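Okay, here we've got a single chain as C-alpha cells, the form predicted on its own, with questions on binding and movement later.
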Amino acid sequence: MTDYITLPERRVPVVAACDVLVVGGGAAGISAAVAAARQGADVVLAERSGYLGGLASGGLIVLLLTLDDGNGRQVVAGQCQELVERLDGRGACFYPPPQQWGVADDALVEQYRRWGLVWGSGPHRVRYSVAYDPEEFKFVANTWVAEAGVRLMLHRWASDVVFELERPHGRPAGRLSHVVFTSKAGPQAVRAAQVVDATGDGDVFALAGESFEKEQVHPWLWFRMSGVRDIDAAQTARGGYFFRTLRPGQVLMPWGAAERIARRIDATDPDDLTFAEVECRRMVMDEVARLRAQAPGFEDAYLTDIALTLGITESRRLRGAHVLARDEVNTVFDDTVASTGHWTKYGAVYHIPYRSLLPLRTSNLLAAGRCISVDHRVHHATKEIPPCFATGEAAGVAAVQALRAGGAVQDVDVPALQRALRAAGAWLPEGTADDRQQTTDDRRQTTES
C-alpha cells in the first residue's frame, strides 16, 4: 500500500511569458525553437540539463543517421542540413561527398562503415550520414539559438502544467496556460500561448493527460577512448566494436560496446534509471579493461569520456491524431510535414503527417522528436536525430501559424505550413496538399488570363 502526504498550497512565481514555449533542448527542441523564432515569435527554450543537444551531444550519439533514402536522394534538409553546414564550417564533422551517396562500392562502404555511417543488412550503399564532435555541437547549438533570439532557460525540469478547460466547436477539451518547472530556485512557471513538447519522454503531454503508449528498453552508455594505436589496424583486427572519430587516436564505442544490461527498464521510472546508471557505468569500465587487455592497439588506450545521459531510445509515444504505422512506408500524406529514411534499410522512407504531431485534447500543444505519434516499428526510424530536427522544425513553424491565426493547432492551414517549410529549406515529397493547391491556383490563373 502506498503512503501519501499532503503538501500545503503554494504560490508559484511566473518567471517568463512567451508566444512559444519549447520544452526539451535536444535536436527536436533546438530545431523547434529556432524555427519559431525565425517566424517572428517570442520563444523560450527550457532544458533540464546544463547544455543543449541531449542524446545528440551529452549522450555521445554523435552520428546523424541518416539524411538520405538509401538510394542517394536527400530527404532530410532544412535545419538539419544547416546544422551540418555549421559544423562543417568549423571542421567538426565528416560525411561522404554528394557524388558518393547511393554508390554500391565495397571499398567506400567499408571506409564509411568504420565511421559508423553505414548500418543494417546488405547489400550496402554509401549513405548521407554524418559523424561529428559533441562539444562542437553544443557550441553550435548555443550560438544558433542566441542568433535566433531564443530565450534559453537551462536547469529546469517540467513538473506540472496548468490546463484550462474549453470546448470550442467540439474541438479539443482545453489548452495549457502555463508549464511549471522545478529547479534549485524552487517551482517556477512560464506562461505560453503555444507549447512544443520536445522532451523525448513526452513529459508535457503526459502531464496534460494526453493518451500515450510506453515501451521499456535496454539502455546504454556510449563512451570514447583515446590513445588507440593505428585505428585502421585495430578495426581490421576486430578486437572490439568501435568507430573512428574526428580526433586522432580516439574511437567511439556505440551501445556501450558491451553486453546488454540485464533487463529492460522504464525510462520514466527513477528507480529503473538509477539501476541503469550504475549498471551501465560498471559495464563500460569492464569493457575498457577488456579492450586494454585483449584488443590490438588498445594497450595504452585510456577512457576519454562516458556519455552524460543514458542512451534511451524509447519511452512514451503520443497516441495522437494519426499513429504512423509500419505498413505506411513510402506513403505520401496530404499533410506530410517531414520525411525520413531508415538508417538500417535502403529505399524505405516514412513521410510524417502533421497529424502525428497533434494531441487529441489540447489545443495549443504539439509533439516533436522521438515522442511523436508513430508505432513501435516506425519509431526505429523517426527517433533518429535528423527526423527529430525535421519534426521539430515543422512543430516550431506550425506553433507560430496557430498563434497568428488565433486558433487551435488542429486548425492550422496545412498547405500554408508546407509552403513555409519549403521556403525555409525543408525537403517535402511531391503530392502533398500544397502541391495540389498550387496546381489548382496555376490552372485558375491560366484560365483567367
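Keep in mind it's a predicted model, so treat the numbers as computed, not measured. Numbering starts at 1 and runs along the sequence shown.
We do not show the form predicted in complex with a small molecule, though everything after this point is about it.
Participant: Using the partner position in the predicted complex, report whether G72 sits within 4.5 Å of the small molecule, counting heavy atoms only.
Facilitator: It does not: once the small molecule is placed as it appears in the predicted complex, G72 has no heavy atom within 4.5 Å of it.
Participant: Just to confirm, R127 within 4.5 Å of the small molecule in the predicted complex by heavy atoms?
Facilitator: Contact check for R127: no, nothing within 4.5 Å of the small molecule in the predicted complex.
Participant: Contact between A390 and the small molecule in the predicted complex at 4.5 Å, heavy atoms?
Facilitator: Output for A390 is no: heavy atoms all beyond 4.5 Å of the small molecule.
Participant: Find out whether any non-hydrogen atom of T313 is located within 4.5 angstroms of the small molecule in the predicted complex, and reply yes or no.
Facilitator: Close contact exists here: in the predicted complex, T313 approaches the small molecule to within 4.5 Å, heavy atoms only.
Participant: 321-329, 355-363, 278-286, 194-202: which one contacts the small molecule in the predicted complex at 4.5 Å, heavy atom to heavy atom?
Facilitator: One stretch meets the cut-off, namely 194-202.
Participant: Heavy atom within 4.5 Å of the small molecule in the predicted complex: which of F223, F242, W220, Y350?
Facilitator: It is W220.
Participant: Between A367, A158, V337, M253, only one gets a heavy atom within 4.5 angstroms of the small molecule in the predicted complex; which residue is that?
Facilitator: The residue in contact is A158.
Participant: Residues V118, P134 and T344 are flagged as a possible site; in the predicted complex, is every one of them within 4.5 Å of the small molecule by some non-hydrogen atom?
Facilitator: The answer is no: none of the three residues contacts the partner (heavy atom, 4.5 Å cut-off).
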